[in-house]
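Before any questions on binding or motion, here is one chain by itself as structure tokens, the form predicted on its own.
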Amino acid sequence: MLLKYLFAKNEDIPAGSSTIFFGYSAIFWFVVGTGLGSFNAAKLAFPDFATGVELFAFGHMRQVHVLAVILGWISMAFAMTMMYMTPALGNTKLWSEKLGLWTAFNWNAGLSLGLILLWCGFTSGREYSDLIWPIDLVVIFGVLVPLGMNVWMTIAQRRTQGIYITNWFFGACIFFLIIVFLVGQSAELFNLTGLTEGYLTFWFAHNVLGLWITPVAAGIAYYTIPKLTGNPLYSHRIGHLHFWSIIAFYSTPASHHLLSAPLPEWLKSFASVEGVLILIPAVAFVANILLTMKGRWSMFVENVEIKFSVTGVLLAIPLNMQGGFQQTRAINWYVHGTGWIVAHAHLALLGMSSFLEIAAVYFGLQQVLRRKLYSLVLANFHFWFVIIGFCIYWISMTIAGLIQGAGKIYEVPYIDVVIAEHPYMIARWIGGTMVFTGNMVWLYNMYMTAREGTIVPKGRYAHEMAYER
């Protein structure tokens, strides 16, 4: 069906086709990414697991897992939400369904090739920007620029007077991500080395998180929470405070990632101060969404999309408290280079961001397919397995990180630290495997929704029908 529409005229392509293709692609990559994460966690918990094969070495597998989640699950889920939220908020159609489908096709093909090459050892060797430069160019010019064009042109042809806060985040963050990729990958494109390469690597990693993963997830919440609850957004002014303070404070020099490196002291201090100031957009976002829920908290029990959305918002509280203060010298010296940072990264990607995206994918696919969710029981199973698995992972890795920090500071022999943290590595594997299991159930549930979900009459909302008794 995809190949048929790739070469069809735009007007002959059913509305929502790119939303559907991006949505199912995102869920698929979430299963792949968390499956690889479970595999890697097993190698850390059980050192004799899958040894003797070079391709299964942790050094080969770890970055494949990371980029499958960031570029596959998270970014494709973002693209999916943009394909249906942007036109809905502008009371118009998506500018080009055909361009959306081609973007999804390029994305899947380019990412598959990039991860296979990465798995085989073709890597830039720089964390979070491990893909080799030809794949980077595919991402920039075959994926991000076309996605941006579709979103920007859809906003431009809107039939509403203003631009809702969600579309502010969508339009701006795609632009920021293109700049981040162009500048961040310049270390490889122009063969930069040494401290410059290290600094650009972490500038890229920091701003992919700060100008893409967390703000777009927040923009999604600004749509889904009012839409699902029927309440208007508590405050558009607070929403715009959130938007502009993200731009002002999160686009930092990122040198707080390298506080022990020989970078200028003023640059590191500036980054640390701005890092603490991210609490301003964080408090604005959480307060705005929780106040929007006023009078509708019963939906947290009754509605699976609200469960995921509100959980994602609540996880933003510890995420930003950690993120703000661990950038200060007083705390960074203790947790830097430990499992604490791994736990924090998963709190952002698997916690806040993923929970908000899961809700949006559940909601969007039901609306575009015009089908009732196949099984609420499976959806609730998905929620509980993911939240319990995530909490086990996050807590165990936080404890392991504190053990590692103590071992580093008090010069405990390395093997003693490894032995002390081993039970938490097993807990990490259990938690990650629970998330993977929940996602496989989700993929099945959404597949069956497309095949056998009850068709929703026009004028009705699928997510509302799902909760009728």
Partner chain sequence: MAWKLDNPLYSLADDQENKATIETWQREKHGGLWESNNRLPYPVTFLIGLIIVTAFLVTKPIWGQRPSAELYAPMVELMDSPEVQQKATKEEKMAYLTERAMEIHKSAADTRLPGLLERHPISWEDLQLAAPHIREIKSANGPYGLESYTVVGDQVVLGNFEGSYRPDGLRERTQPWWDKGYTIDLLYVSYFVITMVLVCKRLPHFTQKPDMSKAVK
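Numbering follows the first chain given and starts at 1. Bear in mind the structure is a predicted one, so any value in this text is a computation, not a measurement.
The same protein has a further form, the form predicted in complex with its partner chain, not shown here; the description that follows concerns it.
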For this session: Just give me the single entry in L113, M153, V283, V138 that has a non-hydrogen atom within 4.5 angstroms of its partner chain in the model of the complex.
Result: V283
Exercise. Just one of L290, L376, V145, V276 has a heavy atom within 4.5 angstroms of its partner chain in the model of the complex, so which one?
Worked result: V276
Exercise. Only one of 100-108, 68-76, 350-358, 260-268 gets a heavy atom within 4.5 Å of its partner chain in the model of the complex; which is it?
Worked result: 260-268
For this session: Answer yes if any heavy atom of Y222 is within 4.5 Å of a heavy atom of its partner chain in the model of the complex; otherwise answer no.
Result: yes
Exercise. Does its partner chain get within 4.5 angstroms of any non-hydrogen atom of S96 in the model of the complex?
Worked result: no
For this session: Give a yes/no on whether Y234 approaches its partner chain to within 4.5 Å in the model of the complex, heavy atoms considered.
Result: yes
For this session: Examine A345 and determine whether its closest non-hydrogen atom to its partner chain in the model of the complex is within 4.5 angstroms.
Result: no
Exercise. Looking at its partner chain in the model of the complex, do all three of L241, A248 and A330 come within 4.5 Å of it through at least one heavy atom?
Worked result: yes
For this session: Quick one: name the residues from 158-177 with any non-hydrogen atom within 4.5 angstroms of its partner chain in the model of the complex.
Result: T160, Q161, G162, I163, Y164, I165
